[in-house]
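Presented below, as structure tokens, is a lone chain in the form predicted on its own.
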Amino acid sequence: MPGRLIALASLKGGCGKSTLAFNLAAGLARREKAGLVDADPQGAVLHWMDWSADRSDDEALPEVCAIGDDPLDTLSKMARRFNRVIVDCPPSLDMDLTGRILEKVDVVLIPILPSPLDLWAGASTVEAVRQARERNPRLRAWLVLNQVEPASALSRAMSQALASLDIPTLGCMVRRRAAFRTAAVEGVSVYQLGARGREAAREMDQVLEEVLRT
């Protein structure tokens, strides 16, 4: 199955990687049997799930597990159990682990904030993808513009910076929305917020549809 293992990776912190990983996994879980692997040493996704454990919701969240001491074995086991698995990679604190994960997965999504500094910083993640492709030539990669301000547009300079990274950018963008913060505080996904999370959930669906049909 194409795109069985989908990683969210960025060697720069603060780009919304874990938030995207959690909500994309929740979106997948609404469609098929999906799991989520937390490989970030900060354990943001596992903390999110712990916060939701005491809450009663009609809509189940994806099953989450830690990457463990044997990352490749964990990914193999999750791939056997679930149709698709989202992997929240560690930040620059552990570039070696990120590289090992990228050698195993089918797809990597790289969240990029729409500012020149963040676009240029994304080059290090792109280099990690290039190195991973030497051992995993099937690896497909996309940049994901995240936390975009609704009234703003990418400048010409930023568009050129994106193009220079030599990895395609998804056509859909994820806006900066209060719903993502609210979902984290409440220990749920944006899909469980009802009307409050409708537009955020729609954006998650757009990302999934674009990735899975390509």
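Here the structure is a predicted model, which means the values were calculated and not measured. In case it trips you up, residue 1 is the first one in the sequence shown, and so on.
The form predicted together with a small molecule is left out here; the points below concern that form.
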*Partner-proximal stretch of 160 to 168, 173 to 181, 62 to 70, 28 to 36 relative to the small molecule in the predicted bound form, 4.5 angstroms, heavy atom*: 173 to 181
*Answer with yes or no whether Pro91 is in contact with the small molecule in the predicted bound form, where contact means some heavy atom within 4.5 Å.*
yes
*Examine Leu24 and determine whether its closest non-hydrogen atom to the small molecule in the predicted bound form is within 4.5 angstroms.*
no
*asked:* Please tell me whether any heavy atom belonging to Cys15 falls inside 4.5 Å of a heavy atom of the small molecule, as the geometry stands in the predicted bound form.
replied: yes
